[in-house]
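We begin with a single chain expressed as structure tokens, specifically the form predicted on its own.
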């Protein structure tokens, strides 16, 4: 029997990469077009659109889709979508550009895509923050970033004409590649794991719990903009390499990066993260407690509850309870399977782990595998400053 992976979101994997003579023609055209310079996070999302990570999107949202996503968490065709993928511009960047024109999207001065400008429209950044982040408090990093954005949005399809080189090229796989890889491995069920952290024993526990009833694990760390104090991208990858090498059976894990910004949008971002992993071919997705949360902006299980609103998501969420070490059980367990009282339980604190690593100390083994701690401590400063 041929192994099956999940259908892409919206039913078709989007491909917006120009090839052959069309690529040559667009590259020539881009030299003469008005240019819009993109920051890194938007530039890599152009690649995500072009390579199907954001299927069914073919470009940046036009106003009708933007408003539907903002208020209904669905595109205008009713397909679930929770985070608006938008391109913000200042009026002086698009002087002379009108709807129907083509523009060149550039990164570091080099054209990476040609965009057909279908619509130019204004937006209310505070309203965006209120709907997406459920707050307008600028202590929320996503809110602060949104309020710094530009005055107008432009929507329309893109065609990719160049690739942005990554420091993590060997970890970069696109959905059409992961889908082939999963089939070659014979995996029928694949569980995706989103992370912006180096792995501790709690992460390992939920991954292995999910692996007990799926064929393979897709560990997909997010590399891109993160807030101060988060682990650096290269540290996360080194830590996972150590964990996979020492504590996972051979050939049950694929490790690849997702290049996009963390938005810290809590429940909405949990759905978004699930959709992206569905596009990579995952059939299941591990949803963390306070998934994509920050501070106290979301309740601990809001990111679980929101999945009730999306019975048509097309990927199965896995809600695995937070793990701790029980001295009486003699291992990693959770509250559902451990009968013992708090006096026997050793909680895993991400804050405590970070504090110890900052001092150059290895966290105790019940918190983090020694090989993982050693991989992290090889870096002079493992955290975003």
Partner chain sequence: MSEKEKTRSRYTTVSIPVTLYNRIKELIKGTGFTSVSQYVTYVLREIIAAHEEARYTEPFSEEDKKRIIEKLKKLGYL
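Residue numbers count along the first chain shown, from 1. Quick caveat, the model's predicted, so the values are computed rather than measured.
The protein also exists as the form predicted together with its partner chain; that form is not presented, and the subsequent description refers to it.
**Student:** Flag this candidate site as yes only if 109, 227 and 379 all have a heavy atom within 4.5 Å of its partner chain in the predicted bound form; otherwise mark no.
**Tutor:** Per the other structure, none of 109, 227 and 379 touch its partner chain.
**Student:** Report the stretch among 254-262, 287-295, 96-104, 132-140 that approaches its partner chain in the predicted bound form to within 4.5 Å, counting heavy atoms only.
**Tutor:** It is the stretch 254-262.
**Student:** Of 148, 92, 165, 312, which one comes within 4.5 Å of its partner chain in the predicted bound form, counting heavy atoms only?
**Tutor:** The residue from 148, 92, 165, 312 that makes the contact is 312.
**Student:** I need to confirm a contact call. Of 217, 222, 115, 181, which residue comes within 4.5 Å of its partner chain in the predicted bound form, counting heavy atoms only?
**Tutor:** Of 217, 222, 115, 181, the residue with a heavy atom within 4.5 Å of its partner chain in the predicted bound form is 181.
**Student:** So, residue 232 and its partner chain: in the predicted bound form, are they within 4.5 Å at any heavy atom pair?
**Tutor:** Looking in the predicted bound form, residue contacts with its partner chain do not include residue 232, since no heavy atom lies within 4.5 Å.
**Student:** Indicate whether its partner chain has at least one heavy atom within 4.5 Å of a heavy atom of residue 316 in the predicted bound form.
**Tutor:** Residue 316: no, not in contact with its partner chain in the predicted bound form.
**Student:** Quick check on residue 78: any heavy atom within 4.5 Å of its partner chain in the predicted bound form?
**Tutor:** Answer yes; at least one heavy atom of residue 78 falls within 4.5 Å of its partner chain in the predicted bound form.
**Student:** Using heavy atoms and a 4.5 Å limit, would one call residue 17 a contact residue for its partner chain in the predicted bound form?
**Tutor:** It does: once its partner chain is placed as it appears in the predicted bound form, residue 17 has a heavy atom within 4.5 Å of it.
**Student:** Can you tell me which residues in 171-197 come within 4.5 angstroms of its partner chain in the predicted bound form, by heavy atoms?
**Tutor:** 171, 172, 173, 176, 177, 179, 180, 181, 183, 184, 185 sit within 4.5 Å of the partner.
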